[in-house]
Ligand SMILES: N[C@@H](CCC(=O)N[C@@H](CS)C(=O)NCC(=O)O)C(=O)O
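Shown here is one chain on its own, the form predicted on its own, set out as structure tokens.
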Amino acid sequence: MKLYYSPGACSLASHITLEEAGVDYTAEKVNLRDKTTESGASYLAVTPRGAVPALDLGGGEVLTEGVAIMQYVMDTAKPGHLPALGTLQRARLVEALNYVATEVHKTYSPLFRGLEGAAKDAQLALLDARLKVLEDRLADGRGWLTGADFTPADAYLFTVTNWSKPMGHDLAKFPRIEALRAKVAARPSVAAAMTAEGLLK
């Protein structure tokens, strides 16, 4: 398998998941501006969407969308590690992954486009509202986002909330999310993926 990624982008969550799964894989950096890979190939030949992550499975199969990649990797490499398909627990995992993808990740996205003034303030307020839902969910004392076990949802939330600091967004008002982030950061898989992407020295 080969993961196509951009350092610190949402693909970091898939990178962490591959490390968690302990699978044999390679990773290639993508320049998202000019849609080329580190080896000089056209990234649009890998996926016409031109976005990361993409996971080349071999045999002409390329899987895109982090939510799909993370579940596929864990289900195939570590069967039984995630809740079983068809259970409420699995639905809760899918619920969390999709909430991070559609409500949190997508609320950060406009901030990358240089919003200023009232528009930026409004976007940050919306982001705070989205994060408060997760902060409140963690109030029951659960160990991780979906319950007692670490899942790709935790890796995904960690990845997108990494974007707060460079945007001047203060996470201090979300102490439970901050505590969760610290737990995720302490995992060897996270250190390995971040080091590979040049995010840790």
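All figures in this text were calculated on a predicted structure; none of them were measured in a lab. Each residue number is its position in the shown sequence, starting from 1.
One more form of this protein exists, namely the form predicted in complex with this ligand; it is left out here, but the text below deals with it.
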Segment assignment from 134 to 142, 147 to 155, 172 to 180, 44 to 52: heavy atom within 4.5 Å of this ligand in the model of the complex: 44 to 52
Quick one: does Lys35 come within 4.5 Å of this ligand in the model of the complex, counting heavy atoms only? yes
Should Val184 be classed as touching this ligand in the model of the complex when contacts are defined as heavy atoms within 4.5 Å? no
Does any heavy atom of Val190 come within 4.5 Å of a heavy atom of this ligand in the model of the complex? no
Indicate whether this ligand has at least one heavy atom within 4.5 Å of a heavy atom of Ile16 in the model of the complex. no
Using a 4.5 Å heavy atom cutoff, which residues in 1 to 32 contact this ligand in the model of the complex? It's fine if the answer is none. Ala9, Cys10, Leu32
